[in-house]
Structure formats: structure tokens, C-alpha cells
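Okay, so here's just one chain, in C-alpha cells, the form predicted alone.
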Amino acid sequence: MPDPQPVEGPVVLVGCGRLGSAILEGWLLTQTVAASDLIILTPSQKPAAEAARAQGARVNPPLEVLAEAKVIVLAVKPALWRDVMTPLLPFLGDQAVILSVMAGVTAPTLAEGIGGWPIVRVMPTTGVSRGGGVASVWSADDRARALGRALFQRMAETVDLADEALMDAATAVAGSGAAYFYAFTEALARAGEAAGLDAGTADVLARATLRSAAESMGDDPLDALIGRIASPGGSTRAGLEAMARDGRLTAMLNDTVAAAVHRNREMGA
């Protein structure tokens, strides 16, 4: 498959917090969008926005420039999007697409607040800043969906969702998932410490193991990867059996994802 082509702008980024900054850095790193095609709207000075300005991006220009915008990327807190978008709407042209990276805010809710512009929802991870993130994409509009993919597939493993209702689950697995792996790594390090390792050594071993596992995973089936390490009757198999006893690993992760899905829906209400 040929490499995806850069996206021609103007592309407007509304909000430059943690996720907005990660997206901006990823666009520039992967040359998804040229800096000269970027318009950044942010209420406060942000390092990522200033770095983009130095490369030719426009930061907080007069709103009249939004008339030619190809896409408006909403990267603000879910509770604030109505207040942020209302003053922008009179300046948008008919060709604009609204791209939301806000957790929990559904397309019907967005449409109710902004009107008839095509909407695409994308949930990326902050790993897009390094060109190695994950992004879930959904839209009922083919053009908007294609634009959403184009803006993220150079810097993320990108998946299409068949139903918007799946976005909360995708967010709970991928958007939040890195934190779960970090929490597991922390717990693994503390377990190593409990088994006799000093804290520093346990931290190094747990972190290095997570990195090594991620780098060697590839696209092989997960049960095959486990089987390469866990020999029948060996110590790894004993540990896995303890982890899975009484279904506790599956139950814990079901509860974890369900709690994140519930909170996503609360934030979008």
C-alpha cells in the first residue's frame, strides 16, 4: 500500500493541551500537514504551538481565515466545546469538516450544537507525538472518515469502527490502555521487590521487560507469543496460572474497561 499523502490545509487545531499538542507534534514530525497549512487556536501560550509558529503555522489569527478551513479539529475538554465552538461557527465555510478527539461527545450531540457540517470522531493516543500512536476513527460521512484517516494514519495504527457506539470501548482499550500497562509494570516491579529485589533493580527490569515485549510483539497471535515464553510445567506458566486463577485477570480487566466506558459516557453527557 502506498504511503498516505500529506493533507492539504488549512487545518485548524482548536485546543493545544496535552492531546492537542501531541497531535500537533505528530503532524509536523510525520509531515502529515505542512506548518504553513496549520492554524492553531489556543487561549494560552503552549510550547508545541510556539514551535509550530516558528515553522510557519498561524497561531490565533483573525477568525476570518477560518472561511477556507478544510477541517476543524476539536481538541478541547468535553465540558467546554460548546463555549469554544459557538464564536467560530459564523466563520466556517461549507466545505469544512468537524473532527472531534473528545472522549464521550457523540456525533448527534455535536451536530445539535454546530449544525450540518460533516463530523468525524477520532480517538488517538498521545503516542502520535512520536509517530507511533493508535487511533480509532468513526464517521457516517465517507469524506469525513477519509479525512480523519488521512490526518492520523502516518502517525498512528489506525482502525475504522463500524458503529459510533464502539468509540467508548475503543477509547477505554486504546486511549486509556497505556496507563493500564504502566500500572501493571509498576505492580510487577513492586512484586519483584517483595520477592527480594531492591526497588531500583525491580524498576529497571519491569520497564525493560515491557519495552522488550512491545518491540518483539509484531502481528503474531497473542497466544502464540505467550506460548513461546511459557513452556508447559515451567515457571512462566506457573505465574500465568496464578494470574488467571478463578478468572480474576479477565474479571479485573472487564471491570477496568467497563469503568472507563462509563466515565467516557458521563463526560459526554
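Note that residue numbering follows the sequence shown and begins at 1. Keep in mind it's a predicted model, so treat the numbers as computed, not measured.
Although not depicted, the form predicted in complex with a small molecule is the subject of the following passage.
Heavy atom within 4.5 Å of the small molecule in the predicted complex - the one residue of Met167, Val101, Val71, Ala156 that qualifies: Contact with the small molecule in the predicted complex is made by Val101 alone.
Contact assignment for the small molecule in the predicted complex, among Ile119, Ala75, Val128, Val137, heavy atom within 4.5 Å: Going through each option in turn, the one that passes is Ala75.
Joint contact, Gly15, Leu19 and Leu41 to the small molecule in the predicted complex, by non-hydrogen atom at 4.5 Å: So, yes: the whole triplet contacts the small molecule.
Residue contact check: Arg58 to the small molecule in the predicted complex, 4.5 Å heavy atom: Taking the distances in the predicted complex, the answer for Arg58 is no, it never comes within 4.5 Å of the small molecule.
Proximity of Ala111 to the small molecule in the predicted complex, heavy atoms at 4.5 Å: Close contact is absent here: in the predicted complex, Ala111 is far from the small molecule, nothing within 4.5 Å, heavy atoms only.
4.5 Å heavy atom contact, Ala199 to the small molecule in the predicted complex: Outside the cut-off, so no.
In the predicted complex, Met123 touching the small molecule (heavy atom, 4.5 Å): Taking the distances in the predicted complex, the answer for Met123 is yes, it comes within 4.5 Å of the small molecule.
Region of this chain that lies against the small molecule in the predicted complex, out of 80-88, 158-166, 145-153, 181-189 [heavy atom, 4.5 Å]: Of the options, only 80-88 has residues within 4.5 Å of the partner.
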